[in-house]
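What follows is a single chain, given as structure tokens, in the form predicted on its own.
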């Protein structure tokens, strides 16, 4: 009997190692975690941290995918100085012509038009395109982005950028090899509140932020039939896990300096059964649980919670919440900041009565939001509100993308952001399907996650 603990441990190890891991890349069980193999960086390739490219005076843009998101982007781009739409493409010819009409009505030059299943390749191959802007279904994002970069184009692609770990590595290797930008179009990092709170965090208003929450909770019942060939419902029908993580994870990763001094270490995920999803799809084998929660621990001991629910009849929320050693910020359902009075810089008033355990009064909140308003928001807030796109944050995103390309600057979001924020789709599925087993998050920088000191771009004062 004295050998029983040893035998039991050996049997447990054997059982764990025999678990079949259905992953897009080689994986194994190590120390109670699912670990995916990190491929070696190909010879002659170097990381793309703070990647820059030669400045482009007029950025010539080719759009692929002209549904809800693509058409909205075309409408925004006619207001962007230094950008010119030179190519339009969609599976459906009518959608291409609709966007062509938008350009014509705005007095813009005519763009080359393509439709059908292979038209997108022609856009990527054109000599008069510098940036390929991809707004198609999720499954085609990575193949199109890789093809575009291989044909010498910078890429901006809708969210999520990749649907598997293998696709994450494809994007990274192609960007590193070609030295072309690959930016995921995560618009929520440019939301007024998120951008301003990020600026507050960068200036130490909340102390050390050790817990952050984000998510995507949005009842899509009114929208399911608007996706071409029902692609979004089909994906959720067949895939379990957080299938749309980037709106929640993006803003909190910026606050926590992910791959700029910290990195996501491992995660665990859990979901509910499918209730409403099964009803909407009329499929008893619907894979995606109605509500998915993922907990992530970082290398520096910080914690992230991400939620996903596109089925519940409840108010829209991206959660966005930060807890620090000296303060707190919250966006949903009520925007609020909680800090002690001595953290507030105001030449006219003192706030000794604020203890940090209550939201500050409205006049103090307004003062803080104005004091820490990012320079980029100050510069173009009026135009952004006028042009629109989720209240203006889409326009700020596009403005910054074109500004950086025109000035030869690193983009606000790099290819590692695209991979890190998208990888939760496959990693959450792996955790859930293996009894909420911890899953290591790959280091997509291959060891360079702490070589850049802090997140730094135009939101800094």
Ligand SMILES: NC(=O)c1ccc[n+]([C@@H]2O[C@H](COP(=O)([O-])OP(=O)(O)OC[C@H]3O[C@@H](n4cnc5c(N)ncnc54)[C@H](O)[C@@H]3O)[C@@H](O)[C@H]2O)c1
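All figures in this text were calculated on a predicted structure; none of them were measured in a lab. Residue numbers count along the first chain shown, from 1.
The form predicted in complex with this ligand is left out here; the points below concern that form.
Heavy atoms within 4.5 Å of this ligand in the model of the complex map, among the stretches 297 to 305, 263 to 271, 281 to 289, 140 to 148, onto 140 to 148 alone. Within this chain, residue 247 lines the site of this ligand in the model of the complex, having a heavy atom no more than 4.5 Å away. In the model of the complex, this ligand sits within 4.5 Å of a heavy atom belonging to residue 228. At a distance threshold of 4.5 angstroms between non-hydrogen atoms, residue 120 is in contact with this ligand in the model of the complex. Within 4.5 Å of any heavy atom of this ligand in the model of the complex lies no heavy atom of residue 410. For the options 100, 78, 338, 185, the residue carrying a heavy atom within 4.5 angstroms of this ligand in the model of the complex is 185. Shown without its partner, this chain lists 176, 167, 191, 90 as candidates; in the model of the complex, only 90 has a non-hydrogen atom within 4.5 angstroms of this ligand. Proximity to this ligand in the model of the complex holds for all of 68, 135 and 158, with the criterion being a heavy atom within 4.5 Å.
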